[in-house]
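The form predicted on its own is given below as one chain in structure tokens.
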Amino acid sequence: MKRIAIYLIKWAIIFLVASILVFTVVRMMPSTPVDKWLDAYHLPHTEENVAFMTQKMGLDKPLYAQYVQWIGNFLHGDWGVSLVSGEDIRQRFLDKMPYSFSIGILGLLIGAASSFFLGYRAALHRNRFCDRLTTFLTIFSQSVPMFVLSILIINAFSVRLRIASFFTGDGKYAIVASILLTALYATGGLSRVVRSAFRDEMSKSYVKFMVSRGFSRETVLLRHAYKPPLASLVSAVITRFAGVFGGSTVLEFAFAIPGLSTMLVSAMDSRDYAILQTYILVVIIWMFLVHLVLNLVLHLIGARRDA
């Protein structure tokens, strides 16, 4: 219970400090939502117009009062409205989350599953096909920008072969392509993590002893030595889950997917403080949930190993 209490207190402090920093930093941007709103409607920046819009957006109150009102409403489930469009922010998030979440979560899960298999095969057979494939995927993901590959896929399958239409219809082809690309770019690095963990286990005495008793290395690794590599994979995936929100920005723009990333870029362009603040706090809450669930998985793996 003490560890749980410390864990929750740590994340509560992170949330509080981050909310203050976010509230402060977004207001240090070179222009304000009032300026952007007046520019969008081609209105002069007179004192009367600026004062009217500042009051209408609620930016005329002292900063501490704005912060207390915002964070209090957020904790009660009221995420406020967009300063520019007046839309309900929570509803906008709920409308766009399925796109970003389907790309990020499904892509990572597929990438993690394929990484475990490739890493296992690469550890068993050094310098063979799977081992070289993991190396190639790692170098490929680090050297070829995802945007370039997205454009090549659109040109090949939509323009030349005319197999799939990415910008018309219900967008299923764009979502599927984005999920597969996310999985592809995650597989290389994660598979090398798994390979390294399996190689470490292969050098341990209990694996060597079981192999010397006549058990095949494949059986020993999959049935008895899979927990440490699985734990390494889960630990590596934790950091990548932060990209569920912002990591799909390139894909959402390349395939014209109306996800959270496009909303964020639009909010940054219009200096919409309310959306920017809420976005970052939601990312922090998401990372808390990811850490909670995956640390629980790691705990269960360790508990079973000790049993």
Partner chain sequence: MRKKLALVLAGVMGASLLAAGSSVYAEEAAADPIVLGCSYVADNTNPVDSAWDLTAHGISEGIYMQDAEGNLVSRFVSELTREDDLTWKATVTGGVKFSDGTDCDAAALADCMNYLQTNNAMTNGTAGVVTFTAEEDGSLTIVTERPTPVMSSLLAEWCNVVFKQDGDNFIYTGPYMVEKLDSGVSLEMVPNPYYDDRAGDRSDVTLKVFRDSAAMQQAFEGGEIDLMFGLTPETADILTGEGFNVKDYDAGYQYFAFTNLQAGPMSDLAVREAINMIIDREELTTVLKGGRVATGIFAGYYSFAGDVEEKTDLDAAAAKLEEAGYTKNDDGIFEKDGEPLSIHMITYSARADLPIIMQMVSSQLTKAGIDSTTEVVDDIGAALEAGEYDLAFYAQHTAPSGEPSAFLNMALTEGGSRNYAGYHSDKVDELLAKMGETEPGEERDQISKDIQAVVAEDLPIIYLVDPQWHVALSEKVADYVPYCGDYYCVNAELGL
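Since the structure is predicted, the reported quantities are computational estimates derived from the model, not experimental observations. Positions refer to the first chain, counted from 1.
From this point on, the text means the form predicted in complex with the partner chain, which you will not see here.
Colleague: Give a yes or no for residue 253: in the predicted bound form, does one of its heavy atoms lie within 4.5 Å of a heavy atom belonging to the partner chain?
Modeller: Residue 253 belongs to the contact set for the partner chain.
Colleague: Heavy atoms within 4.5 Å of the partner chain in the predicted bound form: does residue 37 have any?
Modeller: Close contact exists here: in the predicted bound form, residue 37 approaches the partner chain to within 4.5 Å, heavy atoms only.
Colleague: May I ask you to state whether residue 227 is within 4.5 Å of the partner chain in the predicted bound form, using heavy atom distances?
Modeller: No, residue 227 stays farther than 4.5 Å from the partner chain in the predicted bound form.
Colleague: Verify the contact flag for residue 73: yes if a non-hydrogen atom of it lies within 4.5 Å of a non-hydrogen atom of the partner chain in the predicted bound form, no if not.
Modeller: Contact with the partner chain, no.
Colleague: Just one of 89, 112, 118, 84 has a heavy atom within 4.5 angstroms of the partner chain in the predicted bound form, so which one?
Modeller: None of the other options qualify; the answer is 84.
Colleague: Would you give me the residues of 183 to 213 that have any heavy atom within 4.5 Å of the partner chain in the predicted bound form, in order from first to last?
Modeller: Sequence-ordered list is empty.
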